[in-house]
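Coming up is one lone chain in structure tokens, specifically the form predicted alone.
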């Protein structure tokens, strides 16, 4: 999938997204925010904020920035912020998560909910999440990964060719993802219905200058 495909799919999803994916995936959103152990004045980046279903779950006192590639989804997040008076949400920005417009070390915690199997290059997404997260901060993700059960996994592979229509990869491999990204995973927890989705908490072990310097050199 490329950015144009993702934008087209989520333009179609935007109007009914809360109905179809709200209650179904909300336990995972709640679980990941609980695991974040947010403290007052924590700077939090939510990648792929979508319609903002998670925004009311953050505690007062934090500073949340949300980004998304879909203008239509983000517009609904803006409406939710205004309607619910979510003063802890400091910014909602249209942005490509694989090339973020933030300086290095801008956030204490970076979270991606149901995003890593959507983006064109998950490894680039994680690299950017690391870059904008301060050294010693934490990265959080919740996502569906290919099921270990052979029958279920086989069905996921069967519908994988429909990824461009679905807007995500149903056969996304956790093992390949961890190998490609080198994430330092501290916790791996099943969430949502039947534990079909997985919550990951990872340490951001970069040095203060390492990733920033390498990114500058690459540019």
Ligand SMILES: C[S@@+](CC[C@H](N)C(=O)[O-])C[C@H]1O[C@@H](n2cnc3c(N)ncnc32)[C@H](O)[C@@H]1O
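Residue numbers count along the first chain shown, from 1. Keep in mind that this is a model prediction, so the values were computed, not measured.
One more form of this protein, predicted in complex with the named molecule, exists but is not displayed; see below.
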field: 139, 97, 77, 89 - the one with a heavy atom within 4.5 Å of the named molecule in the predicted complex
entry: 97
- request: Scan 174, 183, 38, 69 and let me know which has any heavy atom within 4.5 Å of the named molecule in the predicted complex.
  value: 69
- prompt: Is there a heavy atom of residue 3 lying 4.5 Å or less from a heavy atom of the named molecule in the predicted complex?
  reply: yes
task: Report whether the minimum heavy atom distance between residue 118 and the named molecule in the predicted complex is within 4.5 Å.
output: yes
message: Can you work out whether residue 132 and the named molecule are in contact in the predicted complex, taking contact to mean some heavy atom pair no more than 4.5 Å apart?
response: no
field: Contact label in the predicted complex: residue 43 to the named molecule, heavy atom within 4.5 Å
entry: no
- prompt: Three residues, 29, 49 and 73; all within 4.5 Å of the named molecule in the predicted complex via heavy atoms?
  reply: yes
message: Residue by residue through 9-27, which ones have a non-hydrogen atom no more than 4.5 angstroms from the named molecule in the predicted complex?
response: 10, 17
